[in-house]
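Shown here is one chain on its own, the form predicted on its own, set out as structure tokens.
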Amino acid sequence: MDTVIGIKTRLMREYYRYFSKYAKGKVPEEPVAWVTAFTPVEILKALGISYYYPESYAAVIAASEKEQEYIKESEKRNLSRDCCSYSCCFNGSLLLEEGPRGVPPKPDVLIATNNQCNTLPAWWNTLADEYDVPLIVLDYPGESCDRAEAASYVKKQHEMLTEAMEKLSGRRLDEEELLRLVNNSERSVEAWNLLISNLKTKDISPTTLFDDINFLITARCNEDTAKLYDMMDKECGTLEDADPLSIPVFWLGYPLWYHADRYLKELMDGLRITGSNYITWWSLDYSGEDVYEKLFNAYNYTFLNLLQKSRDKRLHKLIEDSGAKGAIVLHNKSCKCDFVSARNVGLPQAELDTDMIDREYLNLEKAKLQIELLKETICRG
């Protein structure tokens, strides 16, 4: 019988099976792609192409407390510490040829998208030069142009990606298989949304959600992922209700991957996180009449690819639904474009200068004072 731990183990084993620490010299049986977080991986999966996320692995490295060594090595060799910490951390791992799970198999192709962050295509360019492999950049216009024109434009790119991946894999795309995988992703999102709704009312640690969103990123089109989240949601139903005397706050920004709890638990006495924008970023909308419309809606309208007005509206709804009385806002040094602006939140805020990977950017004493001030402000209000 499947268990939560059993499914997690199976998904992790599948994802890391060709990393050097576990592969023991085994060569991947299929082509390898390194991809950014919001790549339409359903197309790759349908064609038997393995895909890996350098950003996600940087988070794993930080959680293992190795990021400083790798960031310093990267800075010494090629990248300034002011660059995105995901890139510095991952590149340092490549340079030293080591990591908590080894290093991923070398890519046959690199795929980047602009529906998340404009830094990523630039990072992938450096990787393409390093490995001398093709780089494909998918351009998603978001809300900036007519919907019908955008749909046609994105569909052509998906078709071109499919054609390139068919050549790489030596296979022809089975659209029924692609639809099955897209539907798996849709079910995974639905199950995840039910699971994260427990954060407001149940005694569930945000650490669980910050960590386990990993499966929605790396394995969203796997049948096991929806099953995993369904089982976790049922387990949440047996948990005690959250402490009604704690002050509900919204966590606005990335998890702190280097922190054991992924958030500043030691500074949160009397506060309780009831919502987070990060845990909704992969709640992609796979609605549509056919597989290409589903892919268009999912990847063109990611949260980070919306206009500021739409992001504000969605963020306000998330905060309202969470019941938060205040917000802890992370000014992340790696995200210079400030995708999630907190200027229109409408709540008392503790604004912390930090980074999701590089722990040296966090001043704990300053953060403590800011969070204490937030508590006082809410209580006086």
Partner chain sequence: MPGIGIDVGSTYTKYCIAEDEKILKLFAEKTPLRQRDYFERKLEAFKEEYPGAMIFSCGYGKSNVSGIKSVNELTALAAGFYKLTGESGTILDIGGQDTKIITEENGRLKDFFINDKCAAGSGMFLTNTLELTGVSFEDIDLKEAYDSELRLSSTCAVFAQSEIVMMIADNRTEEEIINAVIRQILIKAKPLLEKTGEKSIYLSGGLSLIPGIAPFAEKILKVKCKIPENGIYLSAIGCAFMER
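In this text, all values refer to a predicted model and were calculated from it rather than measured experimentally. Residue numbers count along the first chain shown, from 1.
Keep in mind that the form predicted together with the partner chain is missing from the display, and what follows is about it.
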{"property": "Triplet 368, 370 and 376 all within 4.5 Å of the partner chain in the predicted bound form via a heavy atom", "result": "no"}
{"property": "Location of the partner chain contact in the predicted bound form, chosen stretch of 71-79, 204-212, 282-290, 99-107 [non-hydrogen atom, 4.5 Å]", "result": "71-79"}
{"property": "The partner chain contact at residue 14 in the predicted bound form, heavy atom, 4.5 Å", "result": "no"}
{"property": "Partner proximity in the predicted bound form: residue 363 to the partner chain, non-hydrogen atom cutoff 4.5 Å", "result": "yes"}
